[in-house]
Ligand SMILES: NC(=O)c1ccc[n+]([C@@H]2O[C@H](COP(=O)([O-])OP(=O)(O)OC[C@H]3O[C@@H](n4cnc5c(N)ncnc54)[C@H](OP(=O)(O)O)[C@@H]3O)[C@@H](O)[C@H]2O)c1
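One chain follows as structure tokens, the form predicted alone.
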Amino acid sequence: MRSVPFTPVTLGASRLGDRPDAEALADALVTSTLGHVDTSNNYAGGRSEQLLGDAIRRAGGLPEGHLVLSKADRDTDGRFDADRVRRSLEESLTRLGLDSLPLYQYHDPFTLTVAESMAPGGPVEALIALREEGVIGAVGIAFGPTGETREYVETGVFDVVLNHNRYTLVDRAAEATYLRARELGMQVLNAAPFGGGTLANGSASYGYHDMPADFSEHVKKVRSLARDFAVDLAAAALHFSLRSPLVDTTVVGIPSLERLDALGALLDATVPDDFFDAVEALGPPPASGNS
């Protein structure tokens, strides 16, 4: 297995290309001391990588020890074959102005079955070849649905797994997948610890979907515990992931300079063990609606 020197928090740049202050935000992400940066070939149609690359060039290169992580994405017509994986990496490297990446992930392969992805001459084989060629360090699977993600993990060919919105203070859908990844010696990136904003801004949805009634009630109970313990719920959600032995780094989406500034305070916050014990005492969370 190839490993990546992760920071406890990784700064997510999925919304970077949609912001009016995108250039300033890109500069801040590239020079931030809070963590590495995670992007993808297709975030904002490639604009996320381009903005980060421009910021790297303005900074005269990446600061020492700072990493940018990215992902391979299917073509605009949905094709995700071996040739597309290589072209995706070429596009990523060109935009970022880098010669190699420490991690390149197979991202959201919704148009293929696991068997098609893993077939000889297929996209995953191309990623492995790029790893052997030294153009990328580690190979990852970055996917949402836990069933297919677990299947990719079980192949044993990936170094890293990334899942989002499914291992949080109120949701443990990805826990078994992470446990299996750990057994196989893989590293784990846990993304979206706030459940798409629910645990940070009080959104009525979770993971960008309406909450089932029993899950909504569970979230309300956790909110009530946060009030009882005088705990900031967003800080608690972040520290749930940070303190987990299953997680190597927590990917936090940074859509604005204000959110980046606020992250430092969340990292410095103290969340008592008694609060987490009280949450666990509520019992296993109901299904959130994210499979």
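From 1 onward, residues are counted along the sequence shown. It should be emphasised that the depicted structure is a prediction, and the values quoted were computed from it without experimental measurement.
One more form of this protein exists, namely the form predicted in complex with the ligand; it is left out here, but the text below deals with it.
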Exercise. Of the options Asp108, Glu148, Asp75, Glu91, which one has a non-hydrogen atom that comes within 4.5 Å of the ligand in the predicted bound form?
Worked result: Asp108
For this session: Report yes if all three of Gly196, Tyr208 and Val251 come within 4.5 Å of the ligand in the predicted bound form by some heavy atom, otherwise no.
Result: yes
For this session: Determine whether any heavy atom of Arg223 comes within 4.5 Å of a heavy atom of the ligand in the predicted bound form, and answer yes or no.
Result: no
Problem set entry | Non-hydrogen atom contact Thr113 with the ligand in the predicted bound form at 4.5 angstroms | no
Exercise. Is Asn201 one of the residues lying within 4.5 Å of the ligand in the predicted bound form, judged by heavy atom distances?
Worked result: yes
Problem set entry | Non-hydrogen atom contact Pro255 with the ligand in the predicted bound form at 4.5 angstroms | yes
Exercise. Going by heavy atoms within 4.5 Å, which of 239-247, 57-65, 38-46, 23-31 lines up against the ligand in the predicted bound form?
Worked result: 38-46
For this session: Can you tell me which bits of 1-21 touch the ligand in the predicted bound form, meaning any heavy atom within 4.5 Å?
Result: Gly12, Ala13, Ser14, Arg15
